[in-house]
Structures are given as C-alpha cells and as structure tokens.
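The data below hold one chain only, encoded as structure tokens and taken in the form predicted alone.
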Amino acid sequence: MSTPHPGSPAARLRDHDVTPQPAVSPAARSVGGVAGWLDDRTGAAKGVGYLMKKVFPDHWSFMLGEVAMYSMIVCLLTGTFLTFWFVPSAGQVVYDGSYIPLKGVTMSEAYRSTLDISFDIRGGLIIRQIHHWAALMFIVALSTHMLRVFFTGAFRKPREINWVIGCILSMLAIVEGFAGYSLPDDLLSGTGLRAAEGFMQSAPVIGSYLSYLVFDGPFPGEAIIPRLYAVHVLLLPAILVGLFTVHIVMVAVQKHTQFPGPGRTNDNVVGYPVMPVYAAKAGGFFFIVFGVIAMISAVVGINPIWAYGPYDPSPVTAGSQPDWYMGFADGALRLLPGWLEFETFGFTWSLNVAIGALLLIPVMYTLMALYPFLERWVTGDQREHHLLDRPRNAPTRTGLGVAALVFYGILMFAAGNDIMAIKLGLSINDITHLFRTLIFVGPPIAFWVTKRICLSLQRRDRDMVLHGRETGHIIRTADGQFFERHEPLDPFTRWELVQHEQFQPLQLGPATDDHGVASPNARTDRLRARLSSFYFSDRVEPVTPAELEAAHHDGHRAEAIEAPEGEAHGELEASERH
C-alpha cells in the first residue's frame, strides 16, 4: 500500500495558504463536469472549441443553404412520423375507413394506409403536407443555393469538391422526391411509375431486363412499393445526410466565402463566431423555416390522393403533370422528334425517349460538376479564392448560367404543352414547334443579352468611380454653361467597384520550337486559347489608381465650377493661367 509523498520542506511551508477560487454556480459546475467527463473519454473539446470559435460572415444569401438544411431536417422529422402508420405493401385490400366516397373500393395497402394517415390519424394530414412542402422547399432552396454559388464564383479552389457534392445532392434530391411521390400508390403517382417503367425499357439492349429487375417482373407487380420504400426512407436519406455532413464539415474546415467589403480579404473572414451569436441566429432561423413550411401546409393543400383514387393500370389521369423538379425531363421527352426511334440488327433504339428520360439528368449534372475544373483550366488560375465575385464582373460565366436557366425553363414549360393547347385554344403541334425552335435560339440570345448587360454595368461602375455619383443637381456657370454636380464616392464604396481582377486572354505561343519540332500540346493550347478568348476578349478593365488620380486631377475644373460663383470664376482663371 502506497502513501502520498509528503513533498519538500519548502512546499510544506505553504500548507495553510488559501488560493481564491472563482465563484461558479452549481449548474455551471455540473455542465463543466459532464463536459470534462466526455472530453476525457472522447477528446472532443479541441474540435468543439474550434467549431464554436469559427467565424461565419453575415449575408442574406448565405441563408439559402441553411433553408435547404432545415427543410431536410423537417423532412426527416415528419417522415419518421409517417413511417409509424404507412404500410409499404401492394397487397390488395378493401377500404373501410372514414373517407366515405372510397368505402368498399379495392386498393393497395399502401394507398389505404395513406388514406388512414390523412383522415383517421390525428394530425396525420398536416404532417403529410408538411412533409411534401418541406421536400419541395428543400429542392428549391438547394437549387437557389447552387445558383448563388455559381454566379458568385464560390466553387473555385479550394471548394471544387464541395461543388461536386452539391451537384450530387441536387441530383439525389430529385430521385428521392420521385421515390416519395410514388409511394402512396394513387392514380397520379402510379401513372408516374408507369412512365418510369417506359423510360427504363427505352434503354438500348438492356431496357427490358432493367425494367424486369426493378419491378421484379411485369409492371406493376407487388415488389416496387417495398423497394421504393427502402430507397426512400433508408438508402437515399443516409446518403443525403452523409453528403450534407461532409459538405458542412468542409465549410467549417475551409474559410467561408464572403462578399468584397471593408476589411475583407482572401486571408480573413469578417463575421460572427458560432457561439453565441451565430448559433442563436441559426436556431431561431430553423424555427422560422419550420413555421413558414407549417403555415403553407396548413392553408395550401397539396397532393390530395383521395381525389385521384387508387392506381389502376388501365386509366390515366387527364392533364397529369410531374412535380416541377421533374418537369424539364418530361419537356425534353415531348420535344424530341419521333424519327429518333429506329431499328438495327433486330433491336429497337428508342432514342426519342432515352435521351430525355435517361441521359439528360446525368449529363446535365455531370457538366455542372465539371464546370469549376473547366474554368480553372481556361484561366490557369491555381490560387485559393475566398472573396466572391459580383456576377457583373464575370460576364461570360454569368451569361452561361443564364443561358442554362433559359434552357431549363424552356424544357419545363414544354412539359405543359398539352395544357397550354387546351387552355389557350391553340394547336399542340404549333406549340411544340415553337418550343423546339426556342430550345436552340433562346439560350444563345440569353447569353448574349446577359453578357452585354454585365459589360454595361461594369462600364457604369467604372464611370461612377472616375466621376462620382450623379446627384441630379444642375449648375450654371457665369458663361452660361451647364454641368451636373457629381458626388464623389466614399473610399469603401469605391473599393468594392475596383477590387476585382480582370483576366487577359491567353496568348498562343509558337507551335514549334527552335529546332522545328512540333509542340506535343499544340492542339490543347489552341483549344485553351480559343476558350480564353471566348471568356475574356470582351472585358472592361477596372479603374487603376493612376487613372483615378488623373480623373481627380482633371476634375479640379469641374469642382471649381461647383463652387460659389465668385470663387468659381477666380479658380477658373487661376487654373487657365496655370
């Protein structure tokens, strides 16, 4: 048995010293004890402390990503509630619930359980609607957040991986929405599943095998509802939550992007720490998002499955349309010409369906994911970027983004060509031909107009920096001339208008060396030079300090004119003599 070491004689001289201790409340002591206990066993204090001190900038556009995250959390919470009563089975039963118009109708267990949730489970209908609206809000906020990232250049180094993760999240969110939309097994969702089965069959060579594998036999079968349920509540949510976690961790590890402003550089972040400011704001914002979704769900009905009835393969609902996020794929199907279907070697190639239904989404998201690497290759810029671009200062990128939005919008509106023909009394063929023309004409026009607008805004910023802000005050000089008084910009506003960089088009070097040997990268260099010229040949250079100094020197005459009449006359004479 060991005994404590008595210590040195000098140490024993201080046995009766009393060290003052700070007053700590019992609650704080308990919390500190629990935190210490956890840190001793997990070593989490260092990481948590780093995150709590992390600084995040404050700008309204950064909340778009938070809206997406909070909407996903609402989906998870309400989806958990719905799983308690939903029965993922296509087995046939006779309905005897409280919705009288469908009493005695044969339907699947999935459809009956959805009716029970809507009419017999207390609060079930509002939870169903919150779940549906939160899913739509999630996709809207995620899409808008990606647009903000694209137009401000937030995808540049070191955030290319986060951009790719965002593209994958967006694509999986569409698939997750379609899976959940198909689970109730009502007539509308069943029609969508029937269309999906046709899409699978359009895949060259393997189409029929793919459909048989997914549906476990001929359509509709009884396996698709349980399989969709597993995908919707287990597989895709796990992937989405995992990708979201990685996305947020990377945002915390890297510097958060910020808009140009006073004191903001690529080496710092100006904002608020997570604790206590940002955490309090984020917590309050979550409840605001939850409250807005709940309010919309309470007053705006969505997906009334009882009005559609149970799914039956024989009828199709008139005017059935997919949810908005799948509308562009449906529009592509309607615009593709029929001559894309042909036969060779005994196989039917239904490219008029496969291109829009199977290829469009993966090709579109692949191009989106690759864009940061393409722009970096064109510019040759390998630096880290933590300051965001104003969209006007990247006119080619902004034009490409608007052209892509116009392309998407045309496809989405084309999905309603039949509804337009009925409501407007027009020919559906004429409407289809119009959309086919717009899909080729609209995006280039949108790109050109957007780029011209951006360049015009840059010229306006340049003029404002050099000459100041127009005040609308007209001054008449003694000799009868009229001048508009300009108010000089303050240094902070002026800095935001001149801080951006402007890339020069790459100059193509010689194709051969001094010995006449052709460069192995000649073709690649020519392509890169052409793309660089496409990006940067039209540009407006930001005002340099020398230009600003020259403009202020030349502006002494105008400033003298704005002085009182007597002083102006004397200063004008002095400046003319000088």
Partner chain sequence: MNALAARRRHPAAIALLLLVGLLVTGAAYAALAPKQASAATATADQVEHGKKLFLANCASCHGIGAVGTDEGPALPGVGAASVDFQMGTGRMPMTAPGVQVGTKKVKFSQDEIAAVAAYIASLAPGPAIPDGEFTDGSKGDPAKGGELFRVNCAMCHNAVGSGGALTRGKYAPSLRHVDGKYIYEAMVTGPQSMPVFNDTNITPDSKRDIVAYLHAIDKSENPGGLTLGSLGPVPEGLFAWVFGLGIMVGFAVWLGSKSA
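Numbering follows the first chain given and starts at 1. Please read all numbers here as calculations on a predicted model, not as lab measurements. Here, rigid core means the biggest group of C-alpha atoms that superpose within 1.5 Å across both forms.
What comes next is about the form predicted together with the partner chain, which is not displayed.
Contact annotation for the candidate site: Met52, Trp85 and Met250 all lie away from the partner chain in the predicted complex (no heavy atom within 4.5 Å). Taking non-hydrogen atoms only, Gly309 approaches the partner chain to within 4.5 angstroms in the predicted complex. Interface residue remark: Tyr365 is not counted as part of the site for the partner chain in the predicted complex, having no heavy atom within 4.5 Å. Contact annotation for Tyr272: at least one heavy atom lies within 4.5 Å of the partner chain in the predicted complex. Proximity of Gly338 to the partner chain in the predicted complex falls outside the 4.5 Å heavy atom cutoff. You can rule out all but one of 369-377, 229-237, 395-403, 272-280: in the predicted complex, only 272-280 has residues with a heavy atom within 4.5 Å of the partner chain. The single contact residue among Val175, Leu213, Val246, Ile302, judged by any heavy atom lying within 4.5 Å of the partner chain in the predicted complex, is Ile302. A heavy atom within 4.5 Å of the partner chain in the predicted complex is found for one listed residue only; from Thr477, Thr348, Ser427, Gln502, this is Ser427. Shown without its partner, the chain has Val277, Lys281, Phe285, Ile288, Val289 in segment 277-291 as residues with a non-hydrogen atom within 4.5 angstroms of the partner chain in the predicted complex.
Relative to the superposed rigid core, Asn268 undergoes a CA displacement smaller than 2 Å between the shown form and the other one. Superposition on the rigid core between the shown form and the other one places the CA atom of Ala173 less than 2 Å from its counterpart.
Once both forms are fitted on their core, a CA shift of 2 Å or more is seen for Ile431 between the shown form and the other one.
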